[in-house]
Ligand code: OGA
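The chain below stands alone and is given as structure tokens, in the form predicted on its own.
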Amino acid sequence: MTLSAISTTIAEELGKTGLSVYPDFLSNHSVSDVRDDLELIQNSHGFHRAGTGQNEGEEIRNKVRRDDVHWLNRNDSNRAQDILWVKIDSLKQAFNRTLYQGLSSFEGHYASYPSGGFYKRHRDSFKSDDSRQISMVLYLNKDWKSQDAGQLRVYQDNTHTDINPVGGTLVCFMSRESEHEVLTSNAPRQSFTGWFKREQKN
């Protein structure tokens, strides 16, 4: 399948169920390239402890989440990050064409969870900002095993779905509708996480 066809498949599933899980969205080679980029930035002290909230309301809350992040800037993209932006552009086009979302932008970061890392149940939206429409997580883990844990748990209605953080797997869900959490990881856990956005309503 072409990237456009894959993106359309993801958009259609998201429209029907509110959740799309697509294994092998990134090839093993691309996962390795992007993970190497993440680790290079991490080893150069380019990550910082993630907080909760937004702008001046952001705060570090170790009982809520324990992970480090590095925000990507498309204007400073390198070869590995270009792989991600091509995928993002295709998904945004498919979401707009299939789901009529009116998405205008995307923001995303590398995320690194240490052994013992987690993120408690939450939604990817803010009281003062409704611009985030679709959340995505793209896993970059190498040789993930069941005992490593760190699954993403997505809540829908009165049930939930646990998604294994296998490298190359893409997860998409509706930002304002789906509560979710990252279960405690028993090994380091890496991903590219982001949000497709539309202009905030006044």
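Being a predicted model, the structure only gives us computed values, none of them experimental. All residue numbers refer to positions in the sequence shown, first residue = 1.
Below: the form predicted together with the ligand, not depicted.
A heavy atom within 4.5 Å of the ligand in the predicted complex is found for one listed residue only; from L152, L38, I134, L26, this is L152.
Remark: H122 counts among the residues lining the ligand in the predicted complex, judged by a heavy atom distance of 4.5 Å or less. The ligand is not shown here, but in the predicted complex it comes within 4.5 Å of a heavy atom of T193. Heavy atoms of L14 never reach within 4.5 Å of the ligand in the predicted complex, leaving it off the interface. In the predicted complex, the ligand sits within 4.5 Å of a heavy atom of R65. In the predicted complex, the residues of 156 to 194 lying within 4.5 Å of the ligand by at least one heavy atom are, in order, H180, V182, R189, S191, T193.
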